[in-house]
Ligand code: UDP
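Before any questions on how it binds or moves, here is one chain, the form predicted alone, in structure tokens.
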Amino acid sequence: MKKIAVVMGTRPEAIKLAPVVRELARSRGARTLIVAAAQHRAMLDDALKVFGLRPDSDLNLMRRGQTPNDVLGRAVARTAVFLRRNRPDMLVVQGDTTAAAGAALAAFNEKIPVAHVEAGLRTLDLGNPFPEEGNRVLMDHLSSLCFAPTAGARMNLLREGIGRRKIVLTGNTAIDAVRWGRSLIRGRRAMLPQRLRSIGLTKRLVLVTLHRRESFGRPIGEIARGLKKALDAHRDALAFYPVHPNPEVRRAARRYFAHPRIILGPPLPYLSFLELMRRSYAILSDSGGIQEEAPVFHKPVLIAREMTERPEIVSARGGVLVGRDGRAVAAALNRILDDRAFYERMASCKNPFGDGRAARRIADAIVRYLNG
């Protein structure tokens, strides 16, 4: 019986790895150990509960005011202890967080093979996004298996000299997770925030998510300025912003987003967030995962970043890179709200991130690798 440790530190990691855990559980001769790194405790626990996942070990990395180096140091040390006690045959990590990078480094030092889900994403700028770009480059080069979600990600890995036999083109497990989540919503009402329900969803809803480190300070103020300018020009539009728990983000939200038609709320449970995406008209976000999820719901996404490691959504015309300039944000949102033909072209784009069977391909590749 092969033991496969799967590390999850944040809610997006749990969401994207839950389908992989499910497929590994269906594989003969494989036993999965779930390791909760808990870089973001409350939001991680929500996703684990949604998909019925119970951790076998908890590294409990979260600390108030933690820096990337704090997280990295604890992740390496505590993952190493787990690995020595349990000796898994492989460690699976996802994405680009510091906790995942620390776990991969610990496994590499213990000579345990690493598999990286969502490998090969690049902006080609180590400072943007920071520290995520550096984390994913490190993880890819430490890994024995690199699961590339797109052909572009696969080409990035090949250009960096990573061997073809290490790379498997899979699609993105975010699509698997959204389809699973939508099946869980059916037959019951996913609760929406009370204030949003009281206003009703008769207005065109712009869903806003902003949390990246490079957006802190003046950039998030510029994004807010552009959003408010567009809302002032469209009385039938309303924005809802579930604010990330990071204290910097919460302070910025209170400071910059005061407006009669911008509703601030706490982070939503995953299923409620999916339902809100389904009901929204458009999305303004600096999130990577939302760039993958928005096409599932046929929602145009305005990417509030200077560059994206997911250029496929821009090439497919389902997303527009608006940066963090207030005028650019307002211009793009105004066009989406004014130009119905433009809106329909974005909303009807073909999802470039896969067919919802990525997790099955990943599980099969892991089992093949461990069986020699």
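In case it trips you up, residue 1 is the first one in the sequence shown, and so on. Quantities reported herein were computed from a predicted structural model and do not represent experimental measurements.
Although it is not shown, the form predicted together with the ligand is what the next lines describe.
Contact with the ligand in the predicted complex, defined as a heavy atom within 4.5 Å, holds for exactly one of His244, Arg225, Lys203, Lys166, namely His244. Checked against the ligand in the predicted complex, the candidates Ser287, Ser144, Ser215, Thr123 yield a single residue with a heavy atom inside 4.5 Å, and that residue is Ser287. Using a 4.5 angstroms limit between non-hydrogen atoms, Leu268 touches the ligand in the predicted complex. His234 falls outside the set of residues with a heavy atom inside 4.5 Å of the ligand in the predicted complex. In the predicted complex, the ligand sits within 4.5 Å of a heavy atom of Phe273. Put simply, Ile15 is close to the ligand in the predicted complex: some heavy atom of it is within 4.5 Å. This chain is displayed without the ligand, yet in the predicted complex the stretch 287-295 from 226-234, 287-295, 254-262, 154-162 comes within 4.5 Å of it by heavy atoms. The candidate site formed by Arg182, Arg279 and Cys349 is entirely out of contact with the ligand in the predicted complex, as no residue has a non-hydrogen atom within 4.5 angstroms of it.
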